[in-house]
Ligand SMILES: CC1=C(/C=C/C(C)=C/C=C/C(C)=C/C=O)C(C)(C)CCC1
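To begin, one chain is listed below as structure tokens, in the form predicted on its own.
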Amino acid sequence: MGTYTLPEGFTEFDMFAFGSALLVGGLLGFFLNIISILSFLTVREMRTPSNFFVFNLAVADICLNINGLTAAYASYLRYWPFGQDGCSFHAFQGMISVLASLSFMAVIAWDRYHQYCTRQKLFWSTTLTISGLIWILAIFWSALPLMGWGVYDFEPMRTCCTLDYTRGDRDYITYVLSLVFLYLMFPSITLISCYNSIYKQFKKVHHHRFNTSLPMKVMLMCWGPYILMCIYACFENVKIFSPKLRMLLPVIAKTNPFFNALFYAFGNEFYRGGIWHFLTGQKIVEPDIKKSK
């Protein structure tokens, strides 16, 4: 192994511990999301407009898993082996995954509202249009730091890369606050309003098909601390926090794909039957939501 210098504030054990956390979280999420993806692609009955949103969420999340596994590999090496261009691409790819994932969580909430409350049918043309727009916008907003609005750089451990929140300049502030509005506040309002309506419907028919409070709780648990740190960096010097804490928050955020797979795919009554069919070859009759009217 080549020579390397440990980043300030980290020991050999810290590098191994963070790398192991990234590895475990990345592998668990990758395993669950690849099953979700392959189930959709191989089981014909699963290929519905609503399930296509869940499929796209799994694609976005597995990309974030790959991003985390790359960081785990670099952590075990104790240095970033891919150069500055590799760092920028790593951050760019990770940002696309995050923005697309948050968007698809909101769209799935909107779709579930129509499934359980309005009974409006979702058409493929609508699904494909919305999915295409989500990916295009995620790529667009992720590319802006490559063009000078914000900067991608190393995280404190210098084995993974993200938006450089230590600068706190005008470009960073305007870019982050724009993302907070578009990709945190708007999805959060969508999740809260849609799942509140679904909860009222479940309560009305006395049949709770899933935990309607869980999606918002999981999103805030995983992304909330990291986003708060990024917002804090808009107004104060974020370096007052220890490098280990600043490294811990994105590691926690990267566990989101694992929880998403459990809730949106394996916990989805219209999706888990296809997963079971893919894994065992046994078909499960799809539930009929009309029975709960």
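Just so we're clear, the structure is a prediction, and the values are computed from it rather than from any experiment. When you see a residue number, it is the position in the sequence shown, counting from 1.
In what follows, reference is made to the form predicted together with this ligand, a form of this protein that is not presented.
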*Could you spot which one of Y226, Y264, F52, F258 gets a heavy atom to within 4.5 Å of this ligand in the model of the complex?*
Y226
*Just one of L184, I192, V151, M221 has a heavy atom within 4.5 Å of this ligand in the model of the complex. Which one?*
L184
*asked:* Residue-level contact is defined here as any heavy atom of the residue lying within 4.5 Å of this ligand in the model of the complex; does V180 satisfy this criterion?
replied: yes
*asked:* Is it the case that I134, even though its partner is missing from this view, gets within 4.5 Å of this ligand in the model of the complex, heavy atoms only?
replied: no
_So, T212 and this ligand: in the model of the complex, are they within 4.5 Å at any heavy atom pair?_
no
_4.5 angstroms heavy atom contact with this ligand in the model of the complex for V107_ = no
*Taking the partner as it appears in the model of the complex, which of 86-94, 110-118, 195-203, 123-131 has residues with heavy atoms within 4.5 Å of this ligand?*
86-94
_Contacts with this ligand in the model of the complex - residues in 252-274 whose heavy atoms fall within 4.5 Å_ = K254
